[in-house]
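Next up: a single chain in structure tokens, the form predicted alone.
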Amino acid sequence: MALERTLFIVKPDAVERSLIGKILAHVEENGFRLVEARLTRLQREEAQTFYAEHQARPFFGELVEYMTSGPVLLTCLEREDAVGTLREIVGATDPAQAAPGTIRALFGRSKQMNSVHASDSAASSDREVKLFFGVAALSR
């Protein structure tokens, strides 16, 4: 199986609670390699572009506000079956429904403050990695 790259974000609530190290350790223990990373504060326009697929939903404005409320850690991760494996170790969007031992079960506080974002498909992953790290980050 070929290596894949995917986007992974440590969200503002987790950065604020100093969980970056614990979350990245969990990811690395599951065979991921950190390819690129940067700590930044998303601009409103970046967050709106990133979450454009949710623009018509009632929670869109609140989501953009939350994602721009503090620093996030943007990362590009690599391993075989990166998208599928990362989704498994991240867990369900709602931490209350996430399987024990998943990142969201361990660190999430609510559906919105669930500590991390993981791309949900290969197509989304390519779009998201390119958005934050450029085309070169997609190189295998």
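A residue's number is simply how far along the shown sequence it sits, counting from 1. For clarity, every value in this text was computed on a predicted model and none was experimentally measured.
What comes next is about the form predicted together with a small molecule, which does not appear here.
Using a 4.5 Å cutoff between non-hydrogen atoms, R109 does not count as a contact of the small molecule in the model of the complex. A residue is said to contact a partner when one of its heavy atoms sits within 4.5 Å of a partner heavy atom; R127 fails this definition for the small molecule in the model of the complex, lying far away. For the chain shown alone, N114 is a contact residue for the small molecule in the model of the complex, at least one non-hydrogen atom being within 4.5 angstroms.
By the criterion of a heavy atom within 4.5 Å, L63 is counted among the residues contacting the small molecule in the model of the complex. With respect to the small molecule in the model of the complex, the three residues K11, Y51 and F59 uniformly fall within 4.5 angstroms at the level of their nearest heavy atom. The single contact residue among T85, T68, T102, T93, judged by any heavy atom lying within 4.5 Å of the small molecule in the model of the complex, is T93.
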